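Presented below, as structure tokens, is a lone chain in the form predicted alone.
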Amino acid sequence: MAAVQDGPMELDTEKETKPEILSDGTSKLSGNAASGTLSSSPLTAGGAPKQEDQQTLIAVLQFLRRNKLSESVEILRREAGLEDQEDSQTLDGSGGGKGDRDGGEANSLLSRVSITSAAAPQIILSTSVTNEQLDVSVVLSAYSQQGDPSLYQVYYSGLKNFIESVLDCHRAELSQLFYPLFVHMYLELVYNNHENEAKAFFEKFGGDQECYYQDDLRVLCGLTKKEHLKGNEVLLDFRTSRFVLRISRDSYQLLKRHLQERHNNQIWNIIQEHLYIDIFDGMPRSKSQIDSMSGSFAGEARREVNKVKVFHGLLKEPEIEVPLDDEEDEAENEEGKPKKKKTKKDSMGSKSKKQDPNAPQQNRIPLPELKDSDKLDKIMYMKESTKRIRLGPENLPSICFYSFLNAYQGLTAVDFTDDSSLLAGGFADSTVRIWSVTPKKLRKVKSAGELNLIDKESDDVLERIMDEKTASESKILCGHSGPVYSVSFSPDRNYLLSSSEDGTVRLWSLQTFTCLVGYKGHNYPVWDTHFSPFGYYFVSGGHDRVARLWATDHYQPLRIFAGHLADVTCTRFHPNSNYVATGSTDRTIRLWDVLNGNCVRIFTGHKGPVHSLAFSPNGKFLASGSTDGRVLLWDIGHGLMIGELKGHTDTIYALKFSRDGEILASGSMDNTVRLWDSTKAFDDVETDDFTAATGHIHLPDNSQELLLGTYHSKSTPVTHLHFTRRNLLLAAGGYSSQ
């Protein structure tokens, strides 16, 4: 069964349900760490194919030949510009054809193969079949070119001594080289069976690395033999995504001159092969500026990635006639007829009156049409908005905390409906439970036989179809075969989504409290799912490192967002529904365009996995929370970090802006809810920084000034936060007796 919607909703007028797999260029087979077609690295000869890409192409061509796929061979050779060359040769820079037109960085196997149209099914099949062979023979082969293993410590020490001796302004920037060079030199030693040298190298220099890389180093120290490297996901991620460093031109020239004078080819080769140095003109960055952007698995984001135009404005609200409250209770006139009510248009939020210049076109993506019930709900929302409390530093919200007591099933997820009438909890025993927060009890729709007896023309037909015998304060939904990690209500309160360890996302009806659809696409646990603000679409993210965009009436995903290097732990729709934000354990946040599947923003700066995201109501800003206990604020339009809120001492699992966006609430495993002055945080940003070509940021250390209040629960970690339509803050979590 599928969820019923008014009219077919086809994204991009697609009539098929097959997903369009779109990547930002950082999938496992690609050498890029950022989206789009970027200029080649400053350290790479212009347009020259990479050695590993050449070997990858040769491996694919040989496999196709062995399987007598001659047509595919010819098409791949032609697209790769190899018509006049033998694929057994070592290709030089002159072999670049179509596949090389966008520079060296576009030469990955994935981007070459995806150009082909006629033979795409055959080539993609061949690629997947030979994945394991390529992982070993191509990915690891780059480590076979190595020098004297006994000199690795000398090389690294020499560079370290040089960097520590340069001027302070250059030292901070060049110190970024320590970690990626350390990892790649260690892996070279391990790959070439120099176990003792590798162990000594790790023991000598492992402790010098930044504290936020310690989790990665713990995994790395377990790779002590060549056999350990084969199929290791951490290694393949690090190897296939070039570590990005942002360095000023002066610092880069210093480094280049030093390596040339010392003839230190070993380190120079690693820089050329495995690093992408993003050179900018201007003053070198300070240590604090670098630290604020560091910490992700593959270094910083390239500046080109965050320059794509993003339509972060809100869509124009439909004009709905709202009855005046003061006339609703008027007595009937002398003739016994009620007075005709005057109407007024929505006075809340001038955003609906004018088209936001930064907003996408109304029809940029197809959105569901408003049903009569949606319009009634909008009217209720507007009426409640008139009674909304204006929050601020002098007027903080009341907080109502829902503690789940005796939750022996293990509470893992919570969500409230937009009108705050229902509360859902996901549990480790694979059940989903729904409670009514209001006195109104939960009722099922009557059976088909009983519905036939109802007068469908009566005014109270919606009440008559409900079965009073089934009324109760809560309902239990069973269907998943593993812990439920996320729940999300649809805006119209008719459906509930749940995602689970069993790899599925289920859509439940809140009329019958039964499962309508099980969406199967993820191969591993699904950590999060979230409905679009307009309903119909939803997004999911999981252990398979991709996020998927779905529509309720399609059993296969419409888009697959590939690019993260580790689990996608949290997902959120932008208020205009044209973009999706994802947070990951690779310590980055990505913003994806729903229309074409492209990655349009990559935000780095967290020092731990990202577990919570929240867009501001106006769509301009994004807040993210992580295991590092910090909340980071991002300007979506400029693609920059603009704030850092410190105070929590544990993982932040819940973030929510107030309805007017003036307060940001954060909930953490440290059993506290904290309120922050988001208006001041956004107003204090120096707009001059946005015009700097280097993307420099100057974060004021003003967390204590922005912190408006801290509220402790007795022993309840905060799992979810929600602002009601009148700006009352609801918090929820499972009581912990420990």
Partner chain sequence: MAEERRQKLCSVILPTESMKAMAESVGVGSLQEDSCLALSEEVSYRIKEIAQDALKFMHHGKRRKLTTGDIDHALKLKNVEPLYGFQSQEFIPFRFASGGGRELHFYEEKEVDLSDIINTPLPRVPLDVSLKAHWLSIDGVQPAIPENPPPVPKEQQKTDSTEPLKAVKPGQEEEGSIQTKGQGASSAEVKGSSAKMVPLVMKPRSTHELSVEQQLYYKEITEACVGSCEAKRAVCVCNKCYLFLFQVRVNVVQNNLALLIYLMRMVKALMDNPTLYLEKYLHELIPAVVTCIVSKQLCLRPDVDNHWALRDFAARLMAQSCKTFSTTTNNIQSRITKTFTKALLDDKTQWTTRYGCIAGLAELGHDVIKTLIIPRLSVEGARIKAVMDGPVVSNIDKIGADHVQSLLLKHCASVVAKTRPLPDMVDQYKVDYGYLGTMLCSHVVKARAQAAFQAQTVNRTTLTITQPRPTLSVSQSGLSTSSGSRAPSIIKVPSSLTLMSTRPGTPTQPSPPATKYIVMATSAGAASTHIIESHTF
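Please read all numbers here as calculations on a predicted model, not as lab measurements. Numbering follows the first chain given and starts at 1.
The discussion below concerns the form predicted together with its partner chain, not included here.
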Looking at its partner chain in the predicted bound form, is some heavy atom of each of I58, P368 and F538 within 4.5 Å of it?
no
Check whether Y555 has any heavy atom within 4.5 Å of a heavy atom of its partner chain in the predicted bound form, and answer yes or no.
no
Would you classify W527 as touching its partner chain in the predicted bound form, given a 4.5 Å non-hydrogen atom cut-off?
yes
Any of the heavy atoms of P617 lying within 4.5 Å of its partner chain in the predicted bound form?
no
Whether H194 contacts its partner chain in the predicted bound form should be assessed with a 4.5 Å heavy atom distance threshold; does it?
no
Name the stretch: of 303 to 311, 477 to 485, 511 to 519, 370 to 378, exactly one has residues whose heavy atoms fall within 4.5 Å of its partner chain in the predicted bound form.
477 to 485
As a check of understanding, the residue in N452, S165, N363, N406 with any heavy atom within 4.5 Å of its partner chain in the predicted bound form should be identified as N406
Among Y252, W268, F202, Y155, which has any heavy atom within 4.5 Å of its partner chain in the predicted bound form?
F202
Residues from 429 to 448 in contact with its partner chain (non-hydrogen atom within 4.5 Å) in the predicted bound form
R433, W435, V437
